[in-house]
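Let's start with one chain on its own, the form predicted on its own, as structure tokens.
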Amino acid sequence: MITQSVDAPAGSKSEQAYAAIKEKILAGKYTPGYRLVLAKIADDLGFSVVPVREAIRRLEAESYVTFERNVGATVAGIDPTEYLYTMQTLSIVEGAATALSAPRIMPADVARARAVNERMRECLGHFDPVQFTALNLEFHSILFENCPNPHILDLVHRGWNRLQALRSSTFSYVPGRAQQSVAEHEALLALIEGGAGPDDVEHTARAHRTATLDAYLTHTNHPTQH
């Protein structure tokens, strides 16, 4: 749930160009390093270059796009250090939010989360990391959205927004982690169904997030800072 700027009127050509380019970046169609040729994008959208240039400036301000000398606008790469800090923070605040939500999670919520997790399991055979990551957010949202503390919940949303801005699906790098993640989801649901205490729920939720981070750091040979 990325927060959108309101500096351009909804439905304007600049807004439409912004949404179209951003959607392709988040969906992985424009990968890190992909050159954004303004004239080509404008032609595809049926616009002049002006609204496309405005859209790309907005995306640059949001760190989706960078400008390189003699190259122009390109899709920004993933910063491993920023990813590390974001995941470390998210493990703490999401773990707390999930623990606080647990007593408020009803059987219908558990059933909904389990259905999402089953869709994730089905994805494993024809793995699509972008779809899997979207389902992963849907699963976790069911577990943390009942958090009664709005400040903690806001921090969780900010963490997930930042991950979207980084466009980083850990599962693109370590697809084997996806199967482990699905199993850990089921274990977390079992804890909540069994009425486990908040400390156990928080510990399990944090360990789940940290395991994903560790898998990424091991793959990229990035030094850990736990």
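By rigid core we mean the largest C-alpha set that fits within 1.5 Å across both forms. All figures in this text were calculated on a predicted structure; none of them were measured in a lab. Numbers for residues come from their place in the sequence shown, where the first is 1.
Below, we refer to the form predicted in complex with the DNA, which is not included among the displayed structures.
Undergrad: Among the candidate stretches 63-71, 26-34, 174-182, 197-205, which one is within 4.5 Å of the DNA in the predicted bound form when only heavy atoms are counted?
TA: Of the options given, it is 63-71.
Undergrad: Just checking whether residue 50 would be counted as a contact of the DNA in the predicted bound form - the rule being heavy atoms within 4.5 angstroms.
TA: Result yes; residue 50 sits at the interface with the DNA in the predicted bound form.
Undergrad: Answer for residue 218 alone: is it within 4.5 Å of the DNA in the predicted bound form, judged on heavy atom distances?
TA: Residue 218: no, not in contact with the DNA in the predicted bound form.
Undergrad: Find out whether any non-hydrogen atom of residue 38 is located within 4.5 angstroms of the DNA in the predicted bound form, and reply yes or no.
TA: Yes - in the predicted bound form, heavy atoms of residue 38 and the DNA come within 4.5 Å of each other.
Undergrad: With the partner left out of view, is residue 14 within 4.5 angstroms of the DNA in the predicted bound form by any non-hydrogen atom?
TA: Yes, contact at 4.5 Å.
Undergrad: 2 Å or more on the CA of residue 16 between this form and the one not shown, with the rigid core superposed, yes or no?
TA: For residue 16, whose C-alpha is compared between this form and the one not shown after core superposition, the shift is 2 Å or more.
Undergrad: Superposing on the rigid core, is the Cα displacement of residue 106 between this form and the one not shown 2 Å or more?
TA: The answer is no, as the C-alpha of residue 106 shifts between this form and the one not shown by less than 2 Å after core alignment.
Undergrad: Residue 148: with the rigid core matched between this form and the one not shown, does its Cα shift 2 Å or more?
TA: It does not, since the residue 148 C-alpha is displaced less than 2 Å between this form and the one not shown after the core fit.
Undergrad: Can you confirm the direction of the Cα distance change for residue 123 and residue 34 in the predicted bound form, closer or farther than in this form, given it is 3 Å or more?
TA: Relative to this form, farther apart in the predicted bound form.
Undergrad: Since the Cα separation of residue 34 and residue 127 moves by 3 Å or more in the predicted bound form, tell me which way: closer or farther than here.
TA: The answer is farther, because the C-alphas of residue 34 and residue 127 separate from each other in the predicted bound form by 3 Å or more.
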